[in-house]
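As a starting point, one isolated chain is supplied in structure tokens, in the form predicted alone.
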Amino acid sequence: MNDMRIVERLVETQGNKISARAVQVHYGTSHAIKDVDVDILDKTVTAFIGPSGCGKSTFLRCLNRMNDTIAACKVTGKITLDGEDIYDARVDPVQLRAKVGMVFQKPNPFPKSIYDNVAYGPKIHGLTRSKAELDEIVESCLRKAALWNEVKDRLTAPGTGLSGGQQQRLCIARAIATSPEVLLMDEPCSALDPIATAQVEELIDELRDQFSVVIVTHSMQQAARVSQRTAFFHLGNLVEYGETGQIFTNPRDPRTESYISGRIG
């Protein structure tokens, strides 16, 4: 390989946080993900879009090995985080999930206080040495999740007593409390009203300064608003991946164009 090709390759790969190559997912005899190759950039919001059942959430769950919890699920291919194979036998999935946090479709705060919801991760991973350090992490994460001013006077109240939008922001605060490098969000606004959705979208935009954010969304409008890169999935295939503006205004694949224009999905 000549020097010019080497330079081009370096430029191509230096911004990648996660790389997937030839990823296949089977649930028993069902072939859910078919030969997916994708590079997810650092400090960027990447949206996964596509019709229901197209594989976008299944692929998202591959990125922090959540599919390991499903007995019938088999993942093959290679996924790396900062160049390290996350499916290597030496990788502890629990430690991986501290680095690759996840926020689910339905807000799911623990049946604990607001404070303990955020403090739980740092405690079990031994990230703090004192109560003062833990207090600092809890406040910092609640501030990053734009929730501190709403809950600072009731940190001992149960997290389950918050509104839906507040609960989802609490779950985001909990997910970032272990200082992850990547934040996965599986339709994080689908259970929220428009005002709460706008607050979470604004938060996602702020979080990309510190994290690589990957969001699965059923809303093309949301993908257009919050992401810089978009991947379109259809029938288990990654059909097209590129800059969000290009995907929505000038898609290269006719299937993408059909989905964007509402003819499929």
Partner chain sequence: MSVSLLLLAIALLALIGFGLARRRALSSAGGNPRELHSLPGYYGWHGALMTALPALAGLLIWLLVQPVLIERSVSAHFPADMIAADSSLALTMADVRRVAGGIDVALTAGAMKTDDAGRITTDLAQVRDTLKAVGVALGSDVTTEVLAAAQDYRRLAALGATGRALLVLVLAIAGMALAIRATDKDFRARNRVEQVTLGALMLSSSIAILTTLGIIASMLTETFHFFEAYPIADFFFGLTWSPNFKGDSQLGILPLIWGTLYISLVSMLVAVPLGLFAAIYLAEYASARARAWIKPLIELIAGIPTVVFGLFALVTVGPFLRDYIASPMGWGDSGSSVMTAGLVIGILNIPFISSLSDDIINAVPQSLRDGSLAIGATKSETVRQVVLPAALPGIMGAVLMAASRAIGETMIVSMGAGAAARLDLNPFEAMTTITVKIVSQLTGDTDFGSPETLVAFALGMTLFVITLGLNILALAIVRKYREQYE
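Computed from a predicted model, the values in this text were never measured in an experiment. Positions refer to the first chain, counted from 1. Basically, rigid core = biggest C-alpha set you can superpose within 1.5 Å across the two forms.
Keep in mind that the form predicted in complex with its partner chain is missing from the display, and what follows is about it.
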- Task: With heavy atoms only and a cut-off of 4.5 Å, decide whether residue 72 touches its partner chain in the predicted complex.
- Result: no
- Are any of the heavy atoms in residue 143 no more than 4.5 Å from a heavy atom of its partner chain in the predicted complex? no
- 4.5 Å heavy atom contact, residue 105 and its partner chain in the predicted complex: no
- Task: Could you confirm whether residue 80 comes within 4.5 Å of its partner chain in the predicted complex, counting heavy atoms only?
- Result: no
- Query: Quick one: in the predicted complex, does every one of 34, 47 and 246 get a heavy atom within 4.5 Å of its partner chain?
  - Reply: no
- With a 4.5 Å heavy atom cut-off to its partner chain in the predicted complex, the contacting stretch among 187-195, 80-88, 155-163, 128-136 is 155-163
- Message: Going through 82-106, which residues have a heavy atom within 4.5 Å of its partner chain in the predicted complex? Please give them in sequence order.
- Response: 94, 97, 98, 100, 101, 102, 104
- Task: Tell me, please, whether between the shown form and the other one the C-alpha of residue 87 is shifted by 2 Å or more, with the rigid core used for superposition.
- Result: no
- When you overlay the rigid core, is the Cα of residue 116 off by 2 Å or more between the shown form and the other one? yes
